[in-house]
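Only one chain is shown below, in structure tokens, and it's the form predicted on its own.
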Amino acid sequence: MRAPRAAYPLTWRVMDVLERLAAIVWPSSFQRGLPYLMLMPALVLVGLLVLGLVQIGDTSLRTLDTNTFLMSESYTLANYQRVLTESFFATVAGRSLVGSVIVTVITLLLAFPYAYLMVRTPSSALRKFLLVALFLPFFIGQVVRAYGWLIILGNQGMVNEALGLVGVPPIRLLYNYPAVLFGLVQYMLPFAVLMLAPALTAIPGELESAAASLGAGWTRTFRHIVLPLSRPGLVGAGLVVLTLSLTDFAIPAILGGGTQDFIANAIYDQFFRTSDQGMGATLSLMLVAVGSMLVGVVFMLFGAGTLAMTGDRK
């Protein structure tokens, strides 16, 4: 027996009206186009990125007229020639590449045992402590953390004061290359742990127990089971740390004191200090090209499927 009209809830009536309106606006015949509609935001973002790169590419082919401080109307490769021939840009590029590789290696060496302990520890209290310690730096901005290291590592900082208590004279711990690398490692460590933790979680603990029951020691188990199966996390974390270190601006600027600039710092100087937008655009494109080549090399060595947590990784 059909329920009386008065017993039909008002909210159901509203939903019926909305359903009819939705059928008018989006008929069932449009259902096939729904996946493409969902891709529209991503396509728009990619399109804006491509347009920006085209504009940067156009600017990189123009030189700065030092008399009028206007960009030239004609196209030229003079900016690219300067980047490839002047020693300053070669020094900055070499410092950035070498530094990012060193930071990546050190960060992975520190992040792997941290992530492994956080995933495998049976103590819930220790796991919570490690998680809090991991996420706490994200609540503090990068610039604030960098200035915090200025206070700790300065000539009158906590470290030098502690060394002075045992008769060690003040040591210059800031405004040098090791200070920049140290700051980058400290900044990148949480990112690496977050990338490694899911990969380690995906490894069944029974595999390690089975290896131990067959007489394999921890070192052998780690080398033949844990390390190979955690390769997706290692590759993903390495890519994230490498690209973020290569493009970082704040840490080299603050802890380097202007003497240990990375590529991002050189780009900033060209755009906002010398007003040479052509050279800044050239360096930006070179940075994009170098980062893309590094990612391509990683994919060639390990395969793009390496980043998948499951399935074929060849």
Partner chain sequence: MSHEKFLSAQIGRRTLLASMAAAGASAGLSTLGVSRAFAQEPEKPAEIIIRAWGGSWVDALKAGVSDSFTKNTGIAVRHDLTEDNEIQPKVWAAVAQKRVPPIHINWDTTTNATKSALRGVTEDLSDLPNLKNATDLAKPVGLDGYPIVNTYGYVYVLAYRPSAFPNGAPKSWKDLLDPKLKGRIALYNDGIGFHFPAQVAGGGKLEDIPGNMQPAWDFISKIKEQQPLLGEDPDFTTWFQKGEIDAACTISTNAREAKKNGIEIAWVVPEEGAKFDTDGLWIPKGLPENELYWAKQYINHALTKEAQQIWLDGLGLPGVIPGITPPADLVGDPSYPTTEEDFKQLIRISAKVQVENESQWFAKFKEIMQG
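Everything numeric in this text was worked out from a predicted model, so none of it was measured. Numbering follows the first chain given and starts at 1.
The same protein also exists as the form predicted together with the partner chain; that form is not shown, yet it is the one meant from here on.
Looking at residue 129, you'd find every heavy atom of it more than 4.5 angstroms from the partner chain in the predicted bound form. Residue contact check for residue 120: none of its heavy atoms lie within 4.5 Å of the partner chain in the predicted bound form.
When contacts are judged by a 4.5 Å heavy atom cut-off, residue 87 counts as touching the partner chain in the predicted bound form. Interface residue remark: residue 259 is counted as part of the site for the partner chain in the predicted bound form, having a heavy atom within 4.5 Å. Heavy atoms within 4.5 Å of the partner chain in the predicted bound form are found in exactly one of 51-59, 270-278, 35-43, 284-292, that being 270-278. Shown here without its partner, the chain carries 69, 156 and 172, all of which come within 4.5 Å of the partner chain in the predicted bound form through at least one heavy atom.
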